[in-house]
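Before any questions on binding or motion, here is one chain by itself as structure tokens, the form predicted on its own.
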Amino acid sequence: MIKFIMNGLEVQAEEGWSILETAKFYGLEIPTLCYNEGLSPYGGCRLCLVEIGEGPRAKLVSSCTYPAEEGLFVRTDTNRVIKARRMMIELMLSVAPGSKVIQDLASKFGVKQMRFEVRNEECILCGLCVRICAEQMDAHAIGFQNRGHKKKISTPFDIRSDVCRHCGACMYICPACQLRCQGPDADTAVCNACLTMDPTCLDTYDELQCWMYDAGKCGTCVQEKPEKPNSEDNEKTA
């Protein structure tokens, strides 16, 4: 068994487990979008970022692809991690604002605005459709094409695939295909209809203090202390 520290607790992992699999085993929630238990890990959405290491050498890694290692020091909900996740949600919203899955993530993580130009490309390149077609349907009918800003998912040579069985698995698993509650003609890019309260412990402790979700999302874990009256106020009262 591999032993390491996660959120201040000693945990054990089987050989070959990732940080994400270990966290799920212990009931610790790490948000994911491109990850699916029945498919190979991809690490494309970057929502499952966690912070490993301590001090100035600490770094962010994708928990779905990073293996559990002996003596590792992991924190799943630091300020640095939350800010990175919010940035990724904003980027995905700019690409697919019509996705209910991404809108729900925005509400959950307190993303109230989107600072990027809306592109409405309706594909966040999570690769779920490519992997389910190849690994579960054994068809390999679609795949990634090009690189950089020209990267896309399509059939070979952009023509109708002879091996596609029209099973619909690619549409079933696609997060961008699940339409938001307001429909395709929503007034705003960010819905926030299911917005939760911001956790106050992030600003005080630099990370969430409750690890069993939705604990830590209530905003009541740190109470503001009442201000002490100054000496002048005491003299006036007297």
Partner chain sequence: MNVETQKVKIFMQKHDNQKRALISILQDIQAEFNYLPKEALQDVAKTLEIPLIHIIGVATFYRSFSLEPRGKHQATVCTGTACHVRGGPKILDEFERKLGVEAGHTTEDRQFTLETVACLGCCAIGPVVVVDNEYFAHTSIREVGSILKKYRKKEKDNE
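Computed from a predicted model, the values in this text were never measured in an experiment. Residue numbers count along the first chain shown, from 1.
Just so you know, the form predicted in complex with its partner chain exists too; it's not on screen, but the next bit is about it.
Its partner chain contact in the predicted complex: residue 157, any heavy atom under 4.5 Å: Judged by the heavy-atom cut-off of 4.5 Å, residue 157 is in contact with its partner chain in the predicted complex.
Although the partner isn't part of this model, could you tell me whether residue 79 comes within 4.5 Å of its partner chain in the predicted complex, counting any heavy atom of the residue? Contact with its partner chain, no.
Residue 113: touches its partner chain in the predicted complex, heavy atom cutoff 4.5 angstroms: It does not: once its partner chain is placed as it appears in the predicted complex, residue 113 has no heavy atom within 4.5 Å of it.
Does residue 120 reach its partner chain in the predicted complex if we count a contact as any heavy atom within 4.5 Å? Outside the cut-off, so no.
Which of these residues, 107, 145, 94, 136, gets a heavy atom within 4.5 Å of its partner chain in the predicted complex? None of the other options qualify; the answer is 145.
Taking its partner chain in the predicted complex as the reference, which of 124, 128, 141, 89 has a non-hydrogen atom within 4.5 Å? Result of the distance check: 141.
When its partner chain is placed as it is in the predicted complex, which of 68-76, 81-89, 146-154, 98-106 ends up with heavy atoms within 4.5 Å of it? Only one stretch passes the 4.5 Å heavy-atom test: 146-154.
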